[in-house]
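So this first bit is one chain, no partners, the form predicted alone, shown in structure tokens.
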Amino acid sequence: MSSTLVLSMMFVSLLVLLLSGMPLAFVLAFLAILFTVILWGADALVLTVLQTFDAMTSDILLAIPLYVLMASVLQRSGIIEALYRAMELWFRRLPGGLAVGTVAICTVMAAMTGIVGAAVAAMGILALPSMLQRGYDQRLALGTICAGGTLGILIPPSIITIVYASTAQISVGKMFAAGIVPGVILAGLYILYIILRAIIQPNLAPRQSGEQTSLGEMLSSLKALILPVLIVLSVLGSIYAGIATPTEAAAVGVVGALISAAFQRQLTFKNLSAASMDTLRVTTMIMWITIGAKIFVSIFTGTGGADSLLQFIQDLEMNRWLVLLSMMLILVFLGLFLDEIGIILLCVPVFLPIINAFQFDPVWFGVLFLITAQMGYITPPFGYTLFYIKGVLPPDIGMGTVYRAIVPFLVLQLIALILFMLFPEIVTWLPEQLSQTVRS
């Protein structure tokens, strides 16, 4: 049986089973085992055991349950509510102040937790009613929350970044550093857009008036920033100071989250139990997808699929930037239907040899990949943030409003993607500076 025929059968079967609604993890594992037996016989099933063992003993992937636990504990600690109260005091005088403050909080939450769902759900509960009550446009409020929540994909510590780094076999610390500047720039684009819209169309985001707040009260509210800043510094600082690996820093973050919850008097058995169950649920999902994808990709590689694809692209003699653009389009398209972790595990082993062959920086490509993941998170029909926000929508707001709300923010993400493609040094500057500092 020719390798071309086998590869065609694998991907047609994958597409059909995914469209049938079967879970991605089990589809990948089933097809991998099926084609292993067809190609090499039952004795070759030891390959699936080796790939499973490799995934379960990965030091890098060990960071995932720790970061998820940290995020789950922080979500229940009361810190987010305190941050929102401080934001209301400081930003409400700005044009579109509450929306601007929501993006700011999403940025801080991204640096604390790296979990998209935590930010979207929290802001949907806290910020959405507040903005609607003050007369904000529904689409502006919803788009701000959905787009702001996705900053957790790019700004470290990000679970998706860890999965990418593990799959691409590059430094997690470098990937974390590479995401900081683009993440801040993207947050800045959101804020700039909100302010300009609020200035041009003041009715979309009415300014608050009549409520007087003393300077002392505003300064006092900044106490809410102390614990989040300490957590961010303890996690990222320990990595870049060379004190801890990303996995060890995740454990530091968990301890910081537990201490924060204790300070807020939220370190209860009920909260710990709920956080542990969340961690178990999310980690199990990620690991099943990882195991299934690793086995599936190993079959793809074993049949010569990666080499054949690379040779085919090189034979086309296309400009390398057209090849990169084609990859970005494929990733955005897949983001409409597949989970981003599944896309990483399926596409990165296939795309990375092409990236290396065309002498692109895999760290830079990783950031571009993460931005396409952000686009997938807010793009209908299966964008994750759309489902997160659906659970907290008022009865009079339909999903059609949410779909229209994300359009301008999707355009902003596309602008950021093009910006970082044209100017790679924006992405690579900070990792290079940190590497030089560590070497010296």
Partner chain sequence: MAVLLGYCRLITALNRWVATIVSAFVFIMVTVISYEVVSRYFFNAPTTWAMELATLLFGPYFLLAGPYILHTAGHVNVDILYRKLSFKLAGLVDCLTYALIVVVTVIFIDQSLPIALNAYASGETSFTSWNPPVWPVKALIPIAFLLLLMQALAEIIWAVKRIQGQEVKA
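Here the structure is a predicted model, which is why all the values come from computation and not from measurement. Residue numbers count along the first chain shown, from 1.
Just so you know, the form predicted together with its partner chain exists too; it's not on screen, but the next bit is about it.
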Within 4.5 angstroms, counting heavy atoms, which one of the listed stretches 393-401, 411-419, 371-379, 66-74 is next to its partner chain in the predicted bound form? 66-74
Within 4.5 Å of its partner chain in the predicted bound form - does that hold for a heavy atom of every one of 18, 244 and 284? yes
Is residue 137 close enough to its partner chain in the predicted bound form to count, meaning some heavy atom within 4.5 Å? no
Hey, in the predicted bound form, is residue 248 touching its partner chain, heavy atoms inside 4.5 Å? yes
My question is simply whether residue 339 lines the interface with its partner chain in the predicted bound form - judged by any non-hydrogen atom within 4.5 Å. yes
Any of the heavy atoms of residue 386 lying within 4.5 Å of its partner chain in the predicted bound form? no
Could you spot which one of 162, 109, 289, 103 gets a heavy atom to within 4.5 Å of its partner chain in the predicted bound form? 289
Heavy atom within 4.5 Å of its partner chain in the predicted bound form - the one residue of 254, 198, 331, 126 that qualifies: 254
Residues in 27-65 that come within 4.5 Å of its partner chain in the predicted bound form by at least one heavy atom, in order, are 29, 30, 33, 42, 45, 46, 48, 49, 52, 53, 55, 56, 57, 58, 59, 61, 62, 65
